[in-house]
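One chain comes next, on its own, written out as structure tokens in the form predicted on its own.
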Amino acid sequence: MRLKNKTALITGGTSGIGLATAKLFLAEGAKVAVTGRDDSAFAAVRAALGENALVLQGDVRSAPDMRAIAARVKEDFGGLDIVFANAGRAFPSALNDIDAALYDDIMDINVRGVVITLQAVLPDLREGASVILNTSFVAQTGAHGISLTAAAKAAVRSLARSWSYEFLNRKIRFNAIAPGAIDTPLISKWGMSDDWVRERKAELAKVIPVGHMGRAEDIANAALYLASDESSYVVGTELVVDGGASQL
């Protein structure tokens, strides 16, 4: 019970990494609120997470949505010990493929959404709270044809450092997790065929030093460490969980 009596908010928590992290946090004793945009999955998510979880609809790009979520979390939980700013979007983006719509979509979800989330919950973060920002290994490699997402995630990495200094007086720890190629529904949302998705996954597995894509649970385990008191001396860092893809 490494998170006993703690409360947590996970954005983008209704599928993939966010949902796996919510399940683990709950198993470790926390009360958890998750957010998502698509309420069609909420009944199944509520059934999977149980009575100690809140499932709330909202878009991280919307300040009114996130303020409403923060108010509901405060009403139910009283305050927050953990925030996992997990909501994000990745999309292949060679330079000539970037148009205004794609630029706004990637930057607004990945960067603006993190800023808006933290602005909304900041008054309710307890002293000693842990904030985890979701970045990506692609910001460290530069060779994946996904430049716009890489730039957005590099910006989020910078926020983790800057905010670590900004909130030292409140003893709030900011850290980041950089997932590698993780087998989640995200890649299926690119609108490609099932055959294309299978081929890309096989290609990714071949270039990862450990020989396979990661699981959402691999990132959840890293988030648990950063959320728990075991990481109390870890501030401003980025924990890379990518099977060695950006390190070897």
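All residue numbers refer to positions in the sequence shown, first residue = 1. In this text the structure is predicted, and so the values were computed from the model without any measurement. Only the largest set of C-alpha atoms that superpose within 1.5 Å between the two forms is called the rigid core.
The protein also exists as the form predicted together with a small molecule; that form is not presented, and the subsequent description refers to it.
Here the chain stands by itself, but in the predicted bound form one stretch of 72-80, 96-104, 158-166, 173-181, 173-181, has heavy atoms within 4.5 Å of the small molecule. At least one heavy atom of Asp38 is located within 4.5 Å of the small molecule in the predicted bound form.
Contact between Ala87 and the small molecule in the predicted bound form is found at the 4.5 Å heavy atom cutoff. At least one heavy atom of Ser15 is located within 4.5 Å of the small molecule in the predicted bound form. Contact between Ala151 and the small molecule in the predicted bound form is not found at the 4.5 Å heavy atom cutoff.
Of the candidates Gly29, Pro185, Gly50, Pro209, Pro185 is the one whose heavy atoms come within 4.5 Å of the small molecule in the predicted bound form; the others do not. The rigid-core alignment places the CA of Leu95 less than 2 Å apart between the shown form and the other one.
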